[in-house]
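Form predicted on its own, single chain, as structure tokens, below.
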Amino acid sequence: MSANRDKDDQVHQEKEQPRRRQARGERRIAQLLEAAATVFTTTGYTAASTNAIAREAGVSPGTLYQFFPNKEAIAIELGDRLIHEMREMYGEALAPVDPATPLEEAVASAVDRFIAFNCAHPAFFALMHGPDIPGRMAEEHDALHATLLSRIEGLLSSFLPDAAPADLARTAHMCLGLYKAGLELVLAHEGAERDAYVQELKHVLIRYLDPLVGDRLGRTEAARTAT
């Protein structure tokens, strides 16, 4: 009876050891990716190095190389995770709009979600808009960009039902371009000044879309008074 129990305990321990090693490995990877995000945000992808990432993570370069062969592999893994999170976020941020929703509310809701994501993950902007990102990441970014434009077009079509496809595509490109330009300014500031730039970005998008939308979406009392 005791021998069987000892054998069961040994089998259980043998099963648990790989799980513990896997859990430790996942924690180490998360630690390295967090450090890489800090380094990429601070120095940019091109100037970053595996030594700097290892130093930021508080580990030896040898430990880093147990999980990633080079800087590009780290950037790709970090980028993949951030892109996945971004896709989940904009699925909610760019949901169809109720025709009764005020334009100001619709714009503010989408902008706030995107700004919150980018402020929480500044490495996303550093990687996706840097001058020398890895090829695979550039491809992922292009795919993300195309999907994002498609979702913006879908959002616009919900309150511009009579617009021609070419007009919707052009308007979507303008909205995304304006947002990216504003985002760079937002990320360059902090605190109250950052909040002020976020508000300016919303104003720019609202004033661009307002003549196109007209009275299709609801208008807040403040906007009616302003116009």
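In this text, the rigid core denotes the largest set of C-alpha atoms whose superposition between the two forms falls within 1.5 Å. Heads up: residue numbers just count along the shown sequence, starting at 1. No experiment lies behind these values; they were computed from the predicted model shown.
Below, we refer to the form predicted in complex with the DNA, which is not included among the displayed structures.
This chain is displayed alone, yet in the predicted bound form one of 43, 199, 158, 51 has a heavy atom within 4.5 Å of the DNA; that residue is 51. Figure note: of the listed segments 66-74, 171-179, 184-192, 158-166, the one touching the DNA in the predicted bound form, with heavy atoms no more than 4.5 Å away, is 66-74.
Using a 4.5 angstroms limit between non-hydrogen atoms, residue 38 is distant from the DNA in the predicted bound form. Of the heavy atoms in residue 207, none are within 4.5 Å of the DNA in the predicted bound form.
Using a 4.5 Å cut-off on any heavy atom, none of the residues of 140-174 reaches the DNA in the predicted bound form. With the core held fixed between the shown form and the other one, residue 143 has its Cα displaced by under 2 Å. For residue 69, a C-alpha deviation of 2 angstroms or more is recorded between the shown form and the other one after rigid-core alignment. After superposition on the rigid core, the Cα of residue 48 moves by 2 Å or more between the shown form and the other one.
Between the C-alpha atoms of residue 49 and residue 143, a gap narrowed by no less than 3 Å is obtained in the predicted bound form, as opposed to the form on display.
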